[in-house]
Structures are given as C-alpha cells and as structure tokens.
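Form predicted alone, single chain, as structure tokens, below.
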C-alpha cells in the first residue's frame, strides 16, 4: 500500500527562466508602421513608411542589369563554398572607384565586404571601441535611428548634436559646428554623404570643406555612411562630400550599402573601407576587422556581392545599371517637384534629395492621416518619396491639405 500524501506538502514552483528576466522592448518605429500597414484591409492604403524604392506601379523592381548578372552566375558558378571574412575581393575592387573615385587608393585605404550597410556600420563601431573604448560618437539629430543603436550596441557613448529644424525645414550647420566644439580628440562623428535619411537635406560643398578642416584639426574620426549613392544628384555628386573628407583627414571609416542603388535589399550587400595614416596602421586594422567579422557573422553572403561584381566588371551591364539608376533618380526628383507643386506649404521638398523627407507634421497629424486616409509613414513625419506615384500623389496631397 502506498503511503498517504502529506496534506501540508510544499507547492514547488519552477524558478524563473533566463528569458523571464528580460524587459519587453517596443517595436522599432519602422516595424510598427509595417505591422499597422499589414493589418489594414483597405485596398487603397498608401505606404510611405518602408524605405524601399518603388516604381510607378508601386512595385520594388529587380533591375534588368541584376537579372542579367544573375543569369550569368547561374550558368557559370561552380561552387557555393564559403567566402573569407573579408568577402568578395573582386566586388570591393569593382565598387571602390564608384564610391571613392579614381584618385583614392594605395596602401593607406583598404576595404572588405559586409552584410549590408548595417553590417559595415556595426563593424566600424566595433573597431572604434577596440581602438578607443572612451570614444564618443557624435550623431546629428534628427538622424537615422539605427546609427545610435549600432554604436551603443558596440559599447560606445553617443552624443547628439543639432542637425535639422523640422518646422522650418532648415539645415542647422552653424548650431552643429558650435556643438562640435565640445569634441575630444579621438571622438568620432557619423556623417551621411548624399541623400540624408530622414531629412533629405545636404551639406553644401563649402560646408563639407569647413567640416573636413575642423575634423582634421580636432582629431575626430569620420564614419561616413553612404546608403543611397546615385539617387540624389548623381553617383559622383552624392559622393563628393565623402571623397573630400577622405582627402583631408588621416583616418576615416566608410560604410556603403548596395540595397537601394542596385535594388538588392534582401541580399544584404555592403562594404566597409578603413583609411589609416600609414600602411602599418591599415594592416593592423585589417587583421582586427577580420577577427571581429569572424565573431559577428563569420562569412558574408555571396550572391548579392557577386551580382554587383558581375555588373561592374561587364561594360554593357555597368552601362545598363547606370541608366536604370538614373531613371530611378529622375523619377524621385520628379515626385519631389510634383508634391511641392501640389502642396505649396511643402515647397522645400523639391530642394531636398534622395528617397526621404521629414515633413513638418506632428504625431497627431500622422495618426490622423493613417486612420482617416490609410496613409502610412513613420510617426516622426518621415516619408519615402519613392512610395508616391501618379495615382496616389493627388490623394496624398489632398489628405495633407486636410491636416494643415
């Protein structure tokens, strides 16, 4: 016979698991827009939030140059073996003159493939922390939200500086330079070359010159992010600031994405270049970057980089890609002009460049546009200009006028 169970037996509960100690995090603003958009059953909703290029039909196309390069790869690739942590050296070499220009090279600059521009930024942050854990990273506000998160994820302190006044749609260059007088030697600053996300405003050439001279004088390392080259004023013009800074500072980090200008979003195509004072410093940076890349993602993906390499190494495909990119650029510029014409209160939109503008709307107005008109944008008022087309632009313009 089994012994009777004690009536005063302790109620033993399992201890909290490791995941129970976590705080639930809010959704990223972009992911929140995507969640709300997908939950909306209205057929005529307008997506101006997600940052991808769309054509006049609302689709994100695969470039014909990309399709041709992919067909070539299918027919000629013989292996799916790993790349090294440095990635596809041919891709980096082919992309270098597009990004850096023909006059920059030699032993004091070296590049590697990364998983998208985000991978390049994260690896750049890790290198900054390894070289100087006390490095502070200066980031303009408003700016691309992921910049600060990536730097903080690497253990770096982020310091904001003024960049743009949303109500007046004005670049705050003087206020920015005044704030930067608090930099310490060895600090870093994140700059965007061409097509600023989220504001669409640009430094003038004179402002780039002043900034480069200041960074050189104060010993600040620029981390230059170029994610939209060719979609603003053109391939060379969008890279003008980047190239000028590299010509005038001893050390810099350059982070590049192929998502927008090659349309390779999901293939995660990116590159990181490091510029150092001499060949030895670049060699040391290279060995450290290889080791850190090995621990972050081990080996980068092959396909997208191989597509870009194939395009740039094939003159006919390179010419086709440039023509397709120019079509995209001109379409975005035309949409800016049309929006500014339809809503004169937003005339500054046509003086900005690239895919994004930060409209002078408050959160209540953004919410009203979503609820009443099915128009989706980030709650800050950032819109993706390329999400507009000849069908929805008049609808968007009318909705804007209703909240102004």
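Remember, predicted model here, so these are calculated numbers, not experimental data. Numbering follows the first chain given and starts at 1.
The next section is about a form of this same protein that is not shown, the form predicted in complex with (2S)-2-hydroxybutanedioic acid.
Proximity of residue 50 to (2S)-2-hydroxybutanedioic acid in the predicted complex falls within the 4.5 Å heavy atom cutoff. Contact between residue 34 and (2S)-2-hydroxybutanedioic acid in the predicted complex is not found at the 4.5 Å heavy atom cutoff.
Remark: residue 91 does not count among the residues lining (2S)-2-hydroxybutanedioic acid in the predicted complex, judged by a heavy atom distance of 4.5 Å or less. Using a 4.5 angstroms limit between non-hydrogen atoms, residue 197 touches (2S)-2-hydroxybutanedioic acid in the predicted complex. Though (2S)-2-hydroxybutanedioic acid is absent from this view, in the predicted complex it lies within 4.5 Å of a heavy atom of just one residue from 260, 329, 122, 309, which is 260.
The contact with (2S)-2-hydroxybutanedioic acid in the predicted complex, taken as any heavy atom within 4.5 Å, belongs to 144 out of 203, 144, 138, 321. Here the chain stands by itself, but in the predicted complex one stretch of 50-58, 346-354, 362-370, 332-340, 50-58, has heavy atoms within 4.5 Å of (2S)-2-hydroxybutanedioic acid. Contacts of stretch 224-259 with (2S)-2-hydroxybutanedioic acid in the predicted complex, defined by any heavy atom lying within 4.5 Å, are made by 228 alone.
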